[in-house]
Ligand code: GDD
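Shown below, as structure tokens, is a lone chain in the form predicted on its own; questions about how it binds or moves come after it.
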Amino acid sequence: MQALILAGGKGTRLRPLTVYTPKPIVPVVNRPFLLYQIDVLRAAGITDITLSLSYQPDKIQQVLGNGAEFGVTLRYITEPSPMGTGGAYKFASDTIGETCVVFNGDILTNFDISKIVEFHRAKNSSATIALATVDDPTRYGLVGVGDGQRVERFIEKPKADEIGGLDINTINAGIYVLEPSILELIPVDTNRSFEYDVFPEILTRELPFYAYLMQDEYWQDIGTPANYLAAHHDFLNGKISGFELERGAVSDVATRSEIDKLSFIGEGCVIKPGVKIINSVIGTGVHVEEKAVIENSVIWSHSRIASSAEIRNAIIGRSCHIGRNAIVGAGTVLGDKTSLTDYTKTVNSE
């Protein structure tokens, strides 16, 4: 079996973090994000993986290589222009000759892919979609199912006042199992969406189309800074199982600093006396000066936090500088190489 990861988006919702780092390789607990999807596929015995790229493809390929280091074989295709999820699937048809697992490139999950594959085969389905439940379905597409989990309808991004009148609480989780016959429904070299074009066409033609409901598995769309930060907190608090995470060997940690057991510290960091790090992820080569406080935050590699600075519930990009006594408050997201002068205060810092 093969897999296709749709990783061509620009990561607009995650800016400024994705200006220089494409979303598929933004660090999540100090690992390129796409490695978590590769782990999930490999655990299900799927090692033949194609990545459909568009935005900064060379950076992604440079980080992931041919996949041998991760126990898989990676192929790369680059869309000539944005083609939508369905169009990208069609564009990859030359590399897809069998049943294919399709993965949206911004989904963090520990889902056992073998379960949906077995379900797909048992139903003799042409297409199978994974469903999840979320607190706010207005940002996603609701999927209605009938007897035997057969898909009946899609409601894309319903308004809040429409939710109450719908007897549906399951959303498209961005994971599909598709037979090659689905490729025949998509015109060549056209922009097509699974949600708006391909799936409605499957329903119109009354092809076997089923839904698999995820139960206790973790699922998170990391496409926004709030969700990205929440995913880190979920990792640190043990809400995500199934992945092996390694804490880095820190080269210089002062004995009078305080780092709680939940936090992850990358390799080559310098942590000076009086520093407090609580429930946070610190990237490679970060330098933290005396009496700085970092709490519930993510700091990307090679940033420098000056003395007595305070960072709480924030995301700091790569190679940033946070000045002395600066206060970086909740909800702050700083792009790469941002510099805050001494005593700066960002909004919501109280």
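Quick caveat, the model's predicted, so the values are computed rather than measured. Counting begins at 1, following the sequence as shown.
What comes next is about the form predicted in complex with the ligand, which does not appear here.
- For the chain shown alone, R15 is not a contact residue for the ligand in the predicted complex, no non-hydrogen atom being within 4.5 angstroms.
- Mapping the unseen interface onto this chain, L185 falls outside it, with no heavy atom inside 4.5 Å of the ligand in the predicted complex.
- At the 4.5 Å threshold, heavy atoms of V40 stay clear of the ligand in the predicted complex, well away from it.
- Among residues of the shown chain, F111 is not one whose heavy atoms approach the ligand to within 4.5 Å in the predicted complex.
- Note on contacts: among E152, E217, E156, E267, the single residue with a heavy atom within 4.5 Å of the ligand in the predicted complex is E156.
- Just one listed stretch, out of 112 to 120, 270 to 278, 234 to 242, 140 to 148, contacts the ligand in the predicted complex at the 4.5 Å heavy atom level, and that stretch is 140 to 148.
- With respect to the ligand in the predicted complex, the three residues L53, T85 and D221 uniformly fall within 4.5 angstroms at the level of their nearest heavy atom.
- Contacts to the ligand in the predicted complex (heavy atom within 4.5 Å) from stretch 257 to 280: none.
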